[in-house]
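Two forms of the same protein chain are encoded below as structure tokens; each is given separately, as structure 1 and structure 2.
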Structure 1
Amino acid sequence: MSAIAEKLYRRRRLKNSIALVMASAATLFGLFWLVWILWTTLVNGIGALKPELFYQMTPPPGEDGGLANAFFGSMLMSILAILMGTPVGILAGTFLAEYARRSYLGEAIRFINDILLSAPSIVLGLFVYTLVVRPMGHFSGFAGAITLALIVLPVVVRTTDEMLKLVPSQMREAALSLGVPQWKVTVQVLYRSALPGIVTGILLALARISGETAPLLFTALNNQFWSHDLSGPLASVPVVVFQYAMSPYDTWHELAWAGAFMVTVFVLCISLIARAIIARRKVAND
């Protein structure tokens, strides 16, 4: 009997060791590409990583400059997209989790939301181009923000839906048994419990839209000068990186690499913040 137990123990240890080695190899494989991307963008863009990058405008060919207008344009459109997409996404996710959890309508909405979640961003850009840009007769930062909001929306809907489902039903029942209205249960009980997960979803949506180029080419286009007018063309870092990378000028190439490095670092920081929020929630629950 002891021999069989020893054999089973060794087999389990062998399987555990194999799984550990494969998991470690997969982790190192992913980290390798992350470090390689950061190193490549840093080495090629280090010549443009200086203070002027953050306060000078995008330059004409052959001159030095920065990406101040592109940073501002990206920030403006991203903030507006979050402000438009987040409330609608939270409300839709709440409806799915609390009022349509087992209904055919809820399943249909989830299916459509998953399609929107996986839809290519260029398709959303063409949709907004047809719906907003063509009737207006010109490109605009507002149209770019609408496109980014359509990217934010399904992420927030899915996150809110899943996070509210994780809230124990006992909390709902306890609040309702005290005579608390349903809307107060949702706002004061469920949202408080699901807040870290919802915030994490919003941050991940922000990280996703920060690097979008294709939809902005059809909506916001670009602007070489400083502008805060959302009714006109607006610069953005991904579009500037795309245009400068395709140019024949070395100074523009350096700015493109520097812009790519800043976007990569921003996405990495947002992802780390999101992971920290999740980890903090796990510690609090434990």
Structure 2
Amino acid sequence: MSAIAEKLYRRRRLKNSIALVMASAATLFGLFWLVWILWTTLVNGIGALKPELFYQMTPPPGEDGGLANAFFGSMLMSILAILMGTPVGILAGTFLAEYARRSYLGEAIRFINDILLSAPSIVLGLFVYTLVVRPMGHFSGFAGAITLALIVLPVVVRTTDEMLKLVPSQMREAALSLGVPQWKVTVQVLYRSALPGIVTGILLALARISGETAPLLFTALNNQFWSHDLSGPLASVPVVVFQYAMSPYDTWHELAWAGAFMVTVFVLCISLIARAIIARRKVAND
């Protein structure tokens, strides 16, 4: 009897050890790719960094140049996208958290918003293409910015909704009992309390659109020259990186790595800042 129990126990212990070793191996497996990808980007990117990146235009094949117009185009479209997507997102998030918390409409919007959050971005690009580019007859930076705004929107809606829900209801009740109208309670009390969270949402959205490539391919297209004309084609870093990386030219590959490096560093910095804001808020609430 005890021999059988002993054997069974040993088998269970062995199975447990194997499973735990496999779990640790899986984690190492995940970290291994992270390190490999970041290392590649770092080594190739730093090797390709040079001051010309920031003041010369994207070159034709075989010539030297920089990415100045692409940086500018990306910046322009990202800022515009944030300016368009954020207000609508905050208002929609307010609707979900303050006006439709338990209603069917609110649940439906929340559901759709979550789907929009993970929907393939290329689909949004096609949407804006049929909505803006086709009627206008040509590609434009403005269309690119609208596409990016549609990616910003669900991120901001989600974070605003969640952050407003975290505001204690005593705060609302206290303000309302003083006779403050509800819109003022929302704007001057609730927004102020939820501000760090909302800012985090905007930063996460910015991080997301800075590396976004696919939907820009057929909305903003690309532009080899310096342009600040939003009604015409506009260059952006990810699209230039895509075009140059797929090309057979070494000088273009190098520029692509430099662009990829800059985008990665920017995105990672923004995510770290967003994380820091959230972490500090948690400490403050405890």
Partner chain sequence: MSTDQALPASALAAHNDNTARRAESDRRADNAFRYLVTGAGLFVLLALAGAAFSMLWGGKLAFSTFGISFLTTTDWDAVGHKFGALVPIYGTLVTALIAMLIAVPVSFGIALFLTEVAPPWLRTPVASAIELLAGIPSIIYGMWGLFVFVPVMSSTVIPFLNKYLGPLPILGPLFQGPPLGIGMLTAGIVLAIMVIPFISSVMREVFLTVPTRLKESAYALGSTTWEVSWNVVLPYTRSAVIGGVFLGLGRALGETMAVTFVLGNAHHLTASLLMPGNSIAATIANEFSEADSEIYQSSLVALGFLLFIVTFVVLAIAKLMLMRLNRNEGAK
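By convention here, residues take numbers in order along the sequence of structure 1, the first being 1. Quick caveat, the model's predicted, so the values are computed rather than measured. Each form is matched to the other, and the largest set of C-alpha atoms that superpose within 1.5 Å is called the rigid core.
The first of the two standalone chains is derived from the form predicted on its own.
Among the listed residues (174, 224, 193, 47), the one located at the hinge where rigid parts rotate relative to each other between structure 1 and structure 2 is 47. As a two-part rigid-body motion between structure 1 and structure 2, the smaller part of the chain turns against the larger by 24°, taken from C-alpha fits.
With the core fitted, the CA of residue 35 sits 4.1 Å away from its counterpart between structure 1 and structure 2.
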